[in-house]
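Encoded as C-alpha cells, the following chain is the form predicted on its own, with no partner shown.
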C-alpha cells in the first residue's frame, strides 16, 4: 500500500489508517452502539496484517475503552503500529457527555492515562480533539504543553483536529504543528476551501476523518439498522429530508464505482485521497471483513473525467 509522509517532519504512513471510534462501545452519548471487544481486536490485527501501519483513537472514545482495546490488540506488535490518539475531551461527571478541557494539567493527566491504556512508552501522534471554548485556557499555553511532551519523549509528533486556519496559526506561533485532522468527504467539503490549501503550503500533514460520512457513503446505509442509542440518529446528516437527498447522491455516483468493480464506499475514500493536501484517511472498521473492503480504495486513482463526473453529481444533487 502507498505511503505518504505526514507533513514536513512526520512519519511515513499508509494512505488508509484504522479509525477506532466505534470500538469504544456504547458508554457515551456519542457512541455507535454496542461493539464486541473480540471483534474489535480481530479488526485491528487484520488491519496490521494487511499492511496498514497506523491506528487513530482518542481518550474520549468510550472514555478510555477504545484506547484500552487498541493497547491490547497491538501487544507484541507495537513496532508495526503507529498509535495516534487525542486529548481535550473529558467526561462530564453528571452525564454521558464529554466537555472540552485543554488546560495544561488536563493535557498531562490525559497523556499519562493514554500511555497506560495503550500500554506504551510514547504516543506517535498526540492531537487536540477540539478547540477548548469552555475553560478559558489560552491556546498558546495548551500548545506549549504539547511541545513539552515532545521534549520529554512521551509524544513524537503533535497535531490538531477540527481547527481552522486562525487557530492553527496561533499554535504555529508557539511551535510546529505536524498534522490536522478535519472532517472531509463528498458530503462535507468546507475544509477544502481554505484550511487544506493552508496546510499544504505550510507543510502540515492532513489525515481526514469520516471519508464515508459515518456510513452514509458506503452504498449500503439503512437508518433502520442503526441502533437507537447511535449518535447518528440525532445528527442532521441523517435526518429527513437531508437523509434522502444524501442517499440520492449515493445512487448518482454508484455507476462510477461499479464500472471498476468497486463499492461506493471505496469511491468515497479514493475521492478524498485525490486532494493533493490530504496525506491519508481515517477509515473505521468493526470487523476484519470491513478492513479488507476499505483497503480496496487505497491505491485507486480516479481519472480527471471521473472527478468531473462526481463534481457534476455534487452540483446536480445539491449536497
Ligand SMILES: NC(=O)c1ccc[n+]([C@@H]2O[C@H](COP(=O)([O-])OP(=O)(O)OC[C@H]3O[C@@H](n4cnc5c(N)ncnc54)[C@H](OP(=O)(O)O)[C@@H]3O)[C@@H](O)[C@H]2O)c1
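Positions refer to the first chain, counted from 1. Computed from a prediction, not measured in an experiment: that's the story for all the values here.
Beyond the structure shown, there is the form predicted in complex with the named molecule, which is absent from this document and is the topic of what follows.
Checked against the named molecule in the model of the complex, the candidates 143, 249, 209, 126 yield a single residue with a heavy atom inside 4.5 Å, and that residue is 209.
In terms of contact with the named molecule in the model of the complex, the residue from 195, 214, 179, 114 that brings a heavy atom within 4.5 Å is 214. Relative to the named molecule in the model of the complex, residues 100, 103 and 107 are all farther than 4.5 Å at every heavy atom. Interface residue remark: residue 300 is not counted as part of the site for the named molecule in the model of the complex, having no heavy atom within 4.5 Å. Mapping the unseen interface onto this chain, residue 290 counts among the residues with a heavy atom inside 4.5 Å of the named molecule in the model of the complex. Residue contact with the named molecule in the model of the complex: residue 282 places a heavy atom within 4.5 Å of it. Looking at residue 286, you'd find a heavy atom of it within 4.5 angstroms of the named molecule in the model of the complex.
Checking 129 to 137, 147 to 155, 69 to 77, 116 to 124 against the named molecule in the model of the complex, the stretch whose residues place heavy atoms within 4.5 Å of it is 129 to 137. Shown here without the named molecule, the chain has only 32 in 24 to 48 lying with a heavy atom within 4.5 Å of that partner in the model of the complex.
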